[in-house]
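Heads up, the chain below is alone and in the form predicted on its own; it's given as structure tokens.
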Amino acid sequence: MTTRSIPVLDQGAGEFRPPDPDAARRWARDKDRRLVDKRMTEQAAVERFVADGSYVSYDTNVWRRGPSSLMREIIRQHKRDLWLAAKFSAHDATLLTAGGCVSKIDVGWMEVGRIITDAVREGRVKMFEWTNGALAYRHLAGALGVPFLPLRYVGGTDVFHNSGAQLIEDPYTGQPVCLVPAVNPDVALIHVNQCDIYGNARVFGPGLAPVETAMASRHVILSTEEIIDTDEIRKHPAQTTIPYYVVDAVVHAPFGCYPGSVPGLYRADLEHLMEFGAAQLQGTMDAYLEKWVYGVASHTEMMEKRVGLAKMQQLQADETHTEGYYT
């Protein structure tokens, strides 16, 4: 058999964690698969599984089924030096940056405004460019236990040069092909529609690689709108999106996406989102964080004291897109 080296045609200059598929496979193999009750508060989950310096990934964003309550708890606990995977994000990265939690961001797409711009300019945050698809592929590679996956795009773009991707000569066709390295996050934050006490979870509607993100990560924290009986999970196994054995914590968090929405349950609070935007533009983010994060002890207290039952009921009543979700 004739062997030859595969030429590397070009490579990006972006920083990335070197993949270690053997370590990822060992971690997945050795993870406890007993059926144990994993319910805990958001305070306990974040304290236990999110350490300073962690690589943190999450599914979707504050506008649609994002893990907002967990992100606020990360800020409340003053976690630092996090590396964030912003696959397709809104102002999630902005919120965590305003809280002083983030030092590096892998960007697929995200909102960039005054807070992110100032943090990058001042050297407090580094950003590395990928694409939505490239970050999804990196998580898929991590979930599969392989060191990289090929893409048929990204190469030859400005994004490529600011990423950690490589362009090689495909040994089968001789054509250029882009490779992206696997990522195995330290912790994944995923908000789900339903799950049982063990972590068997259902995601209804669109997501941004929730399965790949969960399967690739060392630890998985689920926040959930509803905890249902395991017998109900067993009746409809095809609806289980994330299996229990990759999950470390289950946090019961009704309205856990607030001020965003969960399709089929409640709409986004546009007034709150405008308040956030105004705080960023006017330089009053400290006051915003004091009101919505530091000034309350938990997500439940925030919803009771800052939002109120009447507003919650109105947000539920205004959500009309139910077909295909819960009906």
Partner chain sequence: MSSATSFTDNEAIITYASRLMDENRLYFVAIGGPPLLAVLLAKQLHAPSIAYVVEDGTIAPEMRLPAPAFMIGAGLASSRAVAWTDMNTVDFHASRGYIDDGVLAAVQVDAYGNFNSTFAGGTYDRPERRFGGPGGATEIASLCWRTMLMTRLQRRKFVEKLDFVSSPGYIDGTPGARERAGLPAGTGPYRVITERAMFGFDEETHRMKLLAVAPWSSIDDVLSDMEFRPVVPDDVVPLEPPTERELDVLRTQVDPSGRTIAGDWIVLDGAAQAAKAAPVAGAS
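Numbering follows the first chain given and starts at 1. Please read these numbers as outputs of a predicted model, since none were measured by experiment.
Same protein, other form: the form predicted together with the partner chain, not shown, and the subject of what follows.
Checklist entry - Considering the partner chain in the predicted complex, which of 75, 197, 115, 127 comes within 4.5 Å of it through any heavy atom? => result Residue within 4.5 Å of the partner: 127.
Checklist entry - Since exactly one of 88, 148, 83, 244 fits, which has a heavy atom within 4.5 Å of the partner chain in the predicted complex? => result Only one option qualifies, and that one is 88.
Next on the checklist: Taking a heavy atom within 4.5 Å as contact, would all three of 19, 214 and 304 count as contacting the partner chain in the predicted complex?
Outcome noted: Result no, not one residue of the spot touches the partner chain.
Checklist entry - What stretch, of 132-140, 249-257, 224-232, 95-103, brings heavy atoms to within 4.5 Å of the partner chain in the predicted complex? => result Only one stretch qualifies here: 132-140.
Checklist entry - Counting only non-hydrogen atoms and a 4.5 angstroms cut-off, does residue 237 reach the partner chain in the predicted complex? => result Because no heavy atom of residue 237 falls inside 4.5 Å of the partner chain in the predicted complex, the answer is no.
Checklist entry - residue 205 near the partner chain in the predicted complex, any heavy atom under 4.5 Å? => result Residue 205: contacts the partner chain in the predicted complex.
Checklist entry - So, in the predicted complex, is residue 108 in contact with the partner chain at a 4.5 angstroms heavy atom limit? => result Contact check for residue 108: yes, within 4.5 Å of the partner chain in the predicted complex.
Next on the checklist: Please tell me whether any heavy atom belonging to residue 267 falls inside 4.5 Å of a heavy atom of the partner chain, as the geometry stands in the predicted complex.
Outcome noted: Looking in the predicted complex, residue contacts with the partner chain include residue 267, since a heavy atom lies within 4.5 Å.
Item to check | Heavy atom within 4.5 Å of the partner chain in the predicted complex - qualifying residues of 156-174 | outcome: Read in sequence order, the residues that approach the partner chain (within 4.5 Å, in the predicted complex) are 156, 157, 158, 159, 162, 167.
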